[in-house]
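In structure tokens, one chain follows: the form predicted on its own.
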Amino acid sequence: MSTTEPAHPVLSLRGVAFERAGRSILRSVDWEVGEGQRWVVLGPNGCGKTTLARIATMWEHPSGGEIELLGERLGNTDVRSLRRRVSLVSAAMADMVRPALTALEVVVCARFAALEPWWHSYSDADMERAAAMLADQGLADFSGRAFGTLSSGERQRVLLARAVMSRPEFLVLDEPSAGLDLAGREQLLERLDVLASDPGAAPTVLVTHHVEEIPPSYTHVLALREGRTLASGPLDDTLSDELLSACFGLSVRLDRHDSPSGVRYSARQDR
């Protein structure tokens, strides 16, 4: 997958800052995401990753700076319409879904960015696509299962199916592996890797604080600390012992491991 920087980025942030209750959360962040790119936003808890994800999908407005998303500039566009062209997935979203809804209902509701199926009418084609999205996540037999009866990992895969149901032009995943056990995490990462390997898939951003959660097909990394950019660029050239040490505030050893699908990472304190 090409890592060439595009002339017209899908997302462009210039000098973006964010403050809440007098506290500076993001400080003059510059960032561009282009077509075909798969980004990891990496950093410790409290560094501004989730705020950045919400700003990048226009669910949060910055205190300063400029944002362009899908060719539209914040301040000159209807963000409600623009949000329908992007998908934001987070572990917290599972708490917003009514547990009695079936997995198929949770997914098909994304057709209209809704959380309940009775608000809109759905065609046979909509239902077929929702079922296909579940099958892509290895959940073909889960269509009729109540969302509340699924494991945490299965719920996150349902939400990932929901995220791609509406054919988004930009996809942001905010710590989707949070709270998952090892098996659930690896199953989810496998699905993320398959999705990212599809050349027709939307540009994707994965927010995490664990290098172990970086799928092999991801191409770029943005590292944050205390709301500031430490580094930004192609993953192979940018991710290093020195960057992780600066990012997390201790001496860190980065290890690379070959897997059937590509390079996986792990990190440990370098004593």
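In this text, all values refer to a predicted model and were calculated from it rather than measured experimentally. Numbering starts at 1 and follows the sequence shown.
Below, we refer to the form predicted in complex with a small molecule, which is not included among the displayed structures.
Taken together, the three residues 25, 50 and 209 all come within 4.5 Å of the small molecule in the model of the complex, as judged by their closest heavy atom. Heavy atoms within 4.5 Å of the small molecule in the model of the complex are found in exactly one of 198 to 206, 211 to 219, 41 to 49, 238 to 246, that being 41 to 49.
This chain appears without its partner; in the model of the complex, the one residue of 154, 105, 193, 175 with a heavy atom within 4.5 Å of the small molecule is 175. Taking the partner from elsewhere, residue 20 is found to have a heavy atom lying within 4.5 Å of the small molecule in the model of the complex.
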